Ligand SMILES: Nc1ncnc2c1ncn2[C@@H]1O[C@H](COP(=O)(O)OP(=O)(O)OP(=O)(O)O)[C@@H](O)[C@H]1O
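Read the single chain below, which is given as structure tokens and is the form predicted on its own.
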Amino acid sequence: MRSYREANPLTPDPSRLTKEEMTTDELEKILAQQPVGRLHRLAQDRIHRHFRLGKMRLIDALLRHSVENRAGLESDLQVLMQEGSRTEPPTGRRRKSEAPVGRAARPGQSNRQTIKPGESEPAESATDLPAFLEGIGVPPPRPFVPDAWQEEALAHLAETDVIVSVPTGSGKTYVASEAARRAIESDRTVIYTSPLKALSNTKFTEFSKLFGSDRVGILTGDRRDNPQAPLLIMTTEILRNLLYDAASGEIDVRLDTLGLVIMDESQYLADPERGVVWEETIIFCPAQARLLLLSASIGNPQDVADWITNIRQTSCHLVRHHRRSVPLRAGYLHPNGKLTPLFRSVGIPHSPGAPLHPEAKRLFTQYEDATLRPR
């Protein structure tokens, strides 16, 4: 009986996977023989966004990543190949679902996830395209009713500083515009800051339509319109410089009547380079002015609220919720124009490793077959 090497003279022997003498070329040939799904399992927790790579690029990424830990990659690959030989049908087809394999464990540890016999995709039927697209479009008009969290933010802003940390599209702008309207009606100046000139210009146009062009001004590095308006829009750096001038005795009349400072995109507090500007702006903000911080992506809003409470004379109230007003859906658009849900459900699953839609899988395979070529 011939040996494996005699029967397959051009194919590396998998039994050599754990031996140090295996060359990069041999490992590359073995990886090229594996199904794409198995390579993605191998790349789990190794390669960032590996699911977006084609087979050849995925193999290159695995080889580059394994330069310092070749033994771990070879060990996990051997386990996957052994599992595949035990569980795959005789036709050589891949199973519908394969569990991810983590990074190689340290000596004496084991962190591999094995596949349960008979494991397959959920029995329930996958959603179809009409159900996936249902409800998308412009909703019918209806009277606006503020959400409870919006009312909560406005109520607390009358007495305290407020941080609003809610998902994108929830209605943070309503809180900002309503708070600005109430402050202007009380003869107080309002300053609205943003991190970008483009965003400041957009807000200037939006608030000019809402409050009237005579009541809105803008101050950026290259634009200065209506600087004595009761509502001023500027970049955060401009406000920080105004506060610097006030600290040195050059009091600006706008700061004397300042009643509200709105800081949009306040997650910039964590920016390594520009975060200090947000910190100094909050520290030097006049005590009589209320602070309103808006963001959809602050990782630790309660810590920020506690810090503001400690450095200012008034407390800071956190308004936070996680429910999206406009739920997200994930789809896959093939280059041929075919659209399909990405997951079996209409919405995006919260649990990791959620099964993909069968049609999305088929299109993935079709795309790889059409674009991948042997070296």
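Because the structure is a prediction, the values reported are computed rather than measured. When you see a residue number, it is the position in the sequence shown, counting from 1.
Form predicted in complex with this ligand: not shown, discussed below.
- Within this chain, residue 81 is remote from the site of this ligand in the predicted complex, having no heavy atom within 4.5 Å.
- By the criterion of a heavy atom within 4.5 Å, residue 161 is excluded from the residues contacting this ligand in the predicted complex.
- With a 4.5 Å cutoff on heavy atoms, residue 169 counts as touching this ligand in the predicted complex.
- Mapping the unseen interface onto this chain, residue 147 counts among the residues with a heavy atom inside 4.5 Å of this ligand in the predicted complex.
- Of the stretches 210 to 218, 273 to 281, 237 to 245, 147 to 155, only 147 to 155 has residues with a heavy atom within 4.5 Å of this ligand in the predicted complex.
- Annotation: in the predicted complex, residues 200, 224 and 291 none come within 4.5 Å of this ligand through any heavy atom.
- Interface residue among 133, 184, 296, 196, judged by heavy atoms within 4.5 Å of this ligand in the predicted complex: 296.
- Only one of 75, 257, 205, 173 comes within 4.5 Å of this ligand in the predicted complex through a heavy atom, and that residue is 173.
- Contact residues in stretch 262 to 290 (any heavy atom within 4.5 Å of this ligand, taken in the predicted complex) are limited to 265.
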